[in-house]
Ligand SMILES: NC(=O)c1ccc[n+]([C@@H]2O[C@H](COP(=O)([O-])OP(=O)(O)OC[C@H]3O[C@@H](n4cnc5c(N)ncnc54)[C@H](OP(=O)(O)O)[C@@H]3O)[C@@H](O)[C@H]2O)c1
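Shown below, as C-alpha cells, is a lone chain in the form predicted alone; questions about how it binds or moves come after it.
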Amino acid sequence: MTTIGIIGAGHIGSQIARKAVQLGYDVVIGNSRGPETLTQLVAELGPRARAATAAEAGAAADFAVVTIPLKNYKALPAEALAGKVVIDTINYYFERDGHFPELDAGEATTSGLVQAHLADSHVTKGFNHIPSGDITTSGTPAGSENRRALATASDHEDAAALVTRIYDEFGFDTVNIGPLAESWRVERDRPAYVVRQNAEELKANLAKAPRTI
C-alpha cells in the first residue's frame, strides 16, 4: 500500500490526511511540535495513520506533502525526502512569514524556493489554492459537469503526473501550468486563488494573473 508522508498537520495537512485514508492510503504525519501533539488527529484518522517526526514522515513516504509556513521551509528534512516526489502546498503570507524580497519583487516562487532546498526531490505545486475544508467536500467523479479544477506546476514530469492522479482521486480536474517558474500564477491574491473554478475558468484566471501584487 502506498504511504503518504505529510509534513505539517494544520488545516491543509489534516484534510489531505482525512481524504487519503478514506481512499485507502497509509499516512504518516509529522509536525514541528512532535508526534505526541498529533494523538487526537491520528485517533480520528484510524489505523491507516500514525504520528511521527517530520524526518520520519519523510523517510516513510512513497511520496510526500509539505504544508508548513514558508518561513520554516529550510527545516524540511531534505535527506529524508531525497529521490521522492514532494507536493508543496506552501503559500507566502508576509504577515506571518516576514518579507522575502525575491518573492516581493517577482523574482522567485514559493515552490522554487522549496525545490532549491529539496534539491534531490521532485517538487510539484498542489493544493495551495483551495480552502482546506473544500479538499474533502468539493470533489466530484471524473467527467462530472463543471468539475472543480486545481493547478499544478513542476520541473519534473513524474511529479506533475503524480499530483494529477491524486487530484483525480480526490475529485478534481488538473490544469498543468508548466514549470515551477510559472507557479506564481496560482499564488496568493491572484485570480485563481481560493475560488471555485472548472478547468476552463482556471486556465482563464491563470492567464490574467499579475506577476506582482
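The numbering used is simple: start at 1 and walk along the sequence shown. Everything quoted here is computed from the prediction, not taken from an experiment.
Keep in mind that the form predicted together with the ligand is missing from the display, and what follows is about it.
- Judged against the ligand in the model of the complex with a 4.5 angstroms heavy atom cut-off, the residues Ile4, Ala60 and Leu118 are out of contact without exception.
- For the candidate set Ile87, Ala80, Ile130, Val114, a heavy atom within 4.5 Å of the ligand in the model of the complex is found for exactly one residue, namely Ile130.
- Across the options 27 to 35, 151 to 159, 43 to 51, 169 to 177, residues that bring heavy atoms within 4.5 Å of the ligand in the model of the complex belong to 27 to 35.
- Residue contact check for Ala75: one or more of its heavy atoms lie within 4.5 Å of the ligand in the model of the complex.
- Taking the partner from the other structure, the ligand in the model of the complex has no heavy atom within 4.5 Å of any heavy atom of Leu202.
- Among residues of the shown chain, Ala9 is one whose heavy atoms approach the ligand to within 4.5 Å in the model of the complex.
- Contact check for His99: every heavy atom lies farther than 4.5 Å from the ligand in the model of the complex.
- Applying a 4.5 Å heavy atom cutoff to the ligand in the model of the complex picks out Ala54, Thr67, Ile68, Pro69, Leu70 from 44 to 70, in order along the sequence.
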